[in-house]
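Just the one chain here, laid out as structure tokens, in the form predicted on its own.
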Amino acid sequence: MPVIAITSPKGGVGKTTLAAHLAAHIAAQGWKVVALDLDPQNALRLHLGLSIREESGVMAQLSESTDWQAAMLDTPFGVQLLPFGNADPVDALDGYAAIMEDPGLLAHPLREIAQRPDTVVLLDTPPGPNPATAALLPLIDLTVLVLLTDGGSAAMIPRIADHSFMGRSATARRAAERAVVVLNQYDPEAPLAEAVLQMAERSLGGRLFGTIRRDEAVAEALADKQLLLDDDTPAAQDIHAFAEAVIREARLRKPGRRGGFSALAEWGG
């Protein structure tokens, strides 16, 4: 089943918030969802309703042959989570160095999980180029790039349009060609936001999966360890539409039916 990566060129764009909502939305439709937090901030656990005191994880001890199945945590939203784990900066750098030396440390266990029937794997990746995302590029079926409607994001759009933002290698370009974009924290009253949206529409066409409106309800839900799954707020409506678009793009079929799309099948992995 598909491997979906949620990524961004920089931090602070709401990437993890959208990753949690997307994982929970897919799980609510009946699929088994495994979410892997590759970001050293280790924040996906909080968005999925786990305690800040939960410090276990797989990435922080990647070189120690952790049993990923045993490390999975059940969350209140029906998503099984593999947290990054509590790691100081030096440990995180050591983990990335280990991945650069042996990408299979990360790719092999993920491949085993992705081969399970009716299982969708969702990756919350670190912002910007990083060894973890690079190691998994051959396994990623769909990349969802989260941007803001600001000047920094506008500067990224030409590189997204020409498929060069993930790198120049054939693997990176192939992944970039399947990438889609969502503009988060969109304020329709802000002239710059409207200009960035128009630029994205012209440059990306159907690869732009819409906008998520700026909404205080998002932050309030996080403070209550909740997600906007059944709300009728503007952001909740946008997130629902975004999640449905991702499901269609990833060619997910109802659980129990054969089919779907996976890089494992396409590339013979």
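The structure displayed is predicted, hence computed values, not measured ones. The numbering used is simple: start at 1 and walk along the sequence shown.
Omitted from view is the form predicted in complex with a small molecule, to which the following refers.
Novice: Only one of 161-169, 107-115, 181-189, 94-102 gets a heavy atom within 4.5 Å of the small molecule in the predicted bound form; which is it?
Specialist: Result for this chain: 181-189.
Novice: So which of Val58, Val218, Leu48, Ala200 reaches within 4.5 angstroms of the small molecule in the predicted bound form, heavy atom to heavy atom?
Specialist: Result of the distance check: Val218.
Novice: Work out which of Arg207, Arg213, His240, Lys32 lies within 4.5 Å of the small molecule in the predicted bound form, going by heavy atoms.
Specialist: Looking at Arg207, Arg213, His240, Lys32 one by one, just Arg213 meets the 4.5 Å heavy-atom criterion.
Novice: Does at least one non-hydrogen atom of Leu252 fall within 4.5 angstroms of the small molecule in the predicted bound form?
Specialist: Output for Leu252 is no: heavy atoms all beyond 4.5 Å of the small molecule.
Novice: With the partner left out of view, is Pro127 within 4.5 angstroms of the small molecule in the predicted bound form by any non-hydrogen atom?
Specialist: Looking in the predicted bound form, residue contacts with the small molecule include Pro127, since a heavy atom lies within 4.5 Å.
Novice: Can you check whether Gln69 is within 4.5 Å of the small molecule in the predicted bound form, heavy atom basis?
Specialist: No, Gln69 sits far enough from the small molecule in the predicted bound form that none of its heavy atoms falls within 4.5 Å.
Novice: Does the 4.5 Å heavy atom contact test between Val246 and the small molecule in the predicted bound form come out positive?
Specialist: Looking in the predicted bound form, residue contacts with the small molecule do not include Val246, since no heavy atom lies within 4.5 Å.
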